[in-house]
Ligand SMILES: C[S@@+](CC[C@H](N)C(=O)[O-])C[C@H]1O[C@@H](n2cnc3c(N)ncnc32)[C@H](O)[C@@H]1O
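The form predicted alone is given below as one chain in structure tokens.
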């Protein structure tokens, strides 16, 4: 590989947000879905999605410059491996993730990163006029995209959780803050004798009921609209995927204590998070940590830091199980 001069590398870093918005626009317009049946001329795509043909051509040409879509002759475009990930409801879909991260709820707080660094506090309220999850509650379309984005991320690790953890003797597993039930659904499909509970905010749970019904899991998975800062339903295993990283240490201990209170002796808490390595080795967790800085009071943590949270909540730290995704599974046990 030819050496890329530092100024050119920096140019790529500085303009990375252009690519974010290109992906967000492609996802929002459903361009990859339009090409599901095969290549189309840009004029046909523009008619389907309600766009200006010339502007759409420029955007799709820019997408091809970063490897998303393939441009054929006569302004005709086709899907490729990368653009396929912007399709809806396909394995490996990242469409909702692209929409959510390029939309105001995530985008505006990042505009004030410098202020977050100076103050050490989230800029979400200053940027949005309310906290992030309040924003999603009052902007349902964007909230739905965010819930879908959490599904995109959960799908990356769901199969590995069911392979790494034996749920065959688990009677009841609780997905705490489980968004659209991706993780608990994977567990229930893999372990037919296990029953599930999904706990999330009321407006999230209403949409999840339809998802569970469509997947044939409604009878085996109870949905509970609630607040994990107040109470968690009883169960034998608690699943928390990307929940603790949203909150500060005190808030995390409160959530974990509620989990511990609802577990029997020997019950387990399984935390699925990106882990910052003890030796500081670079990973996606470092970028996610910066995301938490601007959006929420939380942060990414090392395994040792998670162990301290478990201990403070009356739980015994257990195994750390890496996966092939950016996430790891951290186990805690109620003694």
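Fair warning: this is a prediction, and the values are worked out from it, not measured in the lab. Positions refer to the first chain, counted from 1.
Absent from the display: the form predicted in complex with the ligand. The rest refers to it.
Trainee: Only one of these stretches, 240-248, 260-268, 73-81, 187-195, has heavy atoms within 4.5 Å of the ligand in the model of the complex; which one is it?
Mentor: The contacting stretch is 240-248.
Trainee: Though only this chain appears here, would residue 107 touch the ligand in the model of the complex if you measure heavy atom gaps against 4.5 Å?
Mentor: Flag for residue 107 set to no.
Trainee: Hey, in the model of the complex, is residue 177 touching the ligand, heavy atoms inside 4.5 Å?
Mentor: Contact check for residue 177: yes, within 4.5 Å of the ligand in the model of the complex.
Trainee: Is there any non-hydrogen atom of residue 173 lying within 4.5 Å of the ligand in the model of the complex?
Mentor: Taking the distances in the model of the complex, the answer for residue 173 is no, it never comes within 4.5 Å of the ligand.
Trainee: Using a 4.5 Å heavy atom cut-off, state whether residue 227 contacts the ligand in the model of the complex.
Mentor: Yes, contact at 4.5 Å.
Trainee: Would the ligand be touched by all three of 150, 154 and 201 in the model of the complex, meaning a heavy atom each within 4.5 Å?
Mentor: Judged in the model of the complex, 150, 154 and 201 all sit within 4.5 Å of the ligand.
Trainee: Residue by residue through 125-149, tell me which have a non-hydrogen atom within 4.5 angstroms of the ligand in the model of the complex.
Mentor: Contacts from 125-149: 133, 146.
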